[in-house]
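The chain below stands alone and is given in structure tokens; this is the form predicted on its own.
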């Protein structure tokens, strides 16, 4: 550890181990460096740095980036955080001019900027994986577009759907998750640099230039709000928590359908490992972990919300705790999506088991009631008549054999063929082949537009690397 007397006065503390955030915020090093590059350029533009000082500082910052990238940077825990470590090393490299880096800037607006630059990158990382998963879901949906399977409510067989319709239900959930992530990036597209500690600066700074250089839509409107606002991180954690819940639901259905009790999914090696004791077992480990990790993501969201609850404006040291749950949740969901992306393409439904389940006459009860309605019977009367039919052990076989049954006209019974039943379910968003084909076309178009949005986000994310690798002006 460095000699305390050699440290900047603002980081000298007998409790440096407790106060330090370096273990977490060093992850933001490249974002911090990119923000410093833009800040130095701005200071030179407004006359607060000479051309020679600007050149020296930019070269020093880019040298530090190289040291960090190649593992040669010597992090000092006594310097508390990533910002002070970088500034200290810069002064070692360029001399007293390094002390000018912090002109008109506070660690308060600095960390708020770093987090927004990181948020862009995190969303892009998750979005790339999510788009791949959505593509895999669509491939499965196309393959099973016309394959009948039972649909469930209350975990009981309810009505016929198709395998493609089921996969698409999960697709639309994940697509809403992607939409939320892009919306979070849009709302966070504000640069906080220039807000200072909380009240801006008396110096002639230009926050608009920094915002433009870093690819933000605009600078902040209120300096107090700028340094205290953690809404983007909360929104990101909510987006990831709900994504985790949706991944958990898919995992749960995979677990159920792969069990012998359902037997719908054929056993896939990608699903997991065998039992350490029982030779016959193959456990759906990946699906179970996708389900289990949702609790971690939800916990990360709760952690940050509780940290923020009741904090007075503007900056409080409590906010040092904002990064760990975000980093954890991004890492967790990236791992979940990567695992699901390996599992989903490997899954195959057992056609024999599905056919048997789809021929369950219970799945046609609503068809029978609606067939009566189509011939003028009030729905409640038809509902009661069909319910009585199913309650009688001999009622349904007689009815399907076109033997007269009380209250039901056998001439208007729906056929018991699952394919015929599905073809009639042509209402908007239903499971008929025509409606599934419409959904697939819409989903393909949606994916194309999502890829375009992600391409735009990637360009903004790339600005960080561009700032850190540009040569001398």
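The structure presented is a predicted model; accordingly, all values stated were derived computationally and were not measured. Numbering follows the first chain given and starts at 1.
Although not depicted, the form predicted in complex with a small molecule is the subject of the following passage.
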Quick one: is residue 117 in contact with the small molecule in the predicted bound form, heavy atoms, 4.5 Å cut-off? no
Residue-level contact is defined here as any heavy atom of the residue lying within 4.5 Å of the small molecule in the predicted bound form; does residue 167 satisfy this criterion? no
Can you tell me if residue 125 lies within 4.5 angstroms of the small molecule in the predicted bound form, counting non-hydrogen atoms only? no
Though only this chain appears here, would residue 353 touch the small molecule in the predicted bound form if you measure heavy atom gaps against 4.5 Å? no
Could you spot which one of 180, 282, 107, 157 gets a heavy atom to within 4.5 Å of the small molecule in the predicted bound form? 107
Just one of 271, 337, 368, 319 has a heavy atom within 4.5 Å of the small molecule in the predicted bound form. Which one? 319
Heavy atom contact within 4.5 Å of the small molecule in the predicted bound form, the stretch among 79-87, 205-213, 252-260, 343-351: 79-87
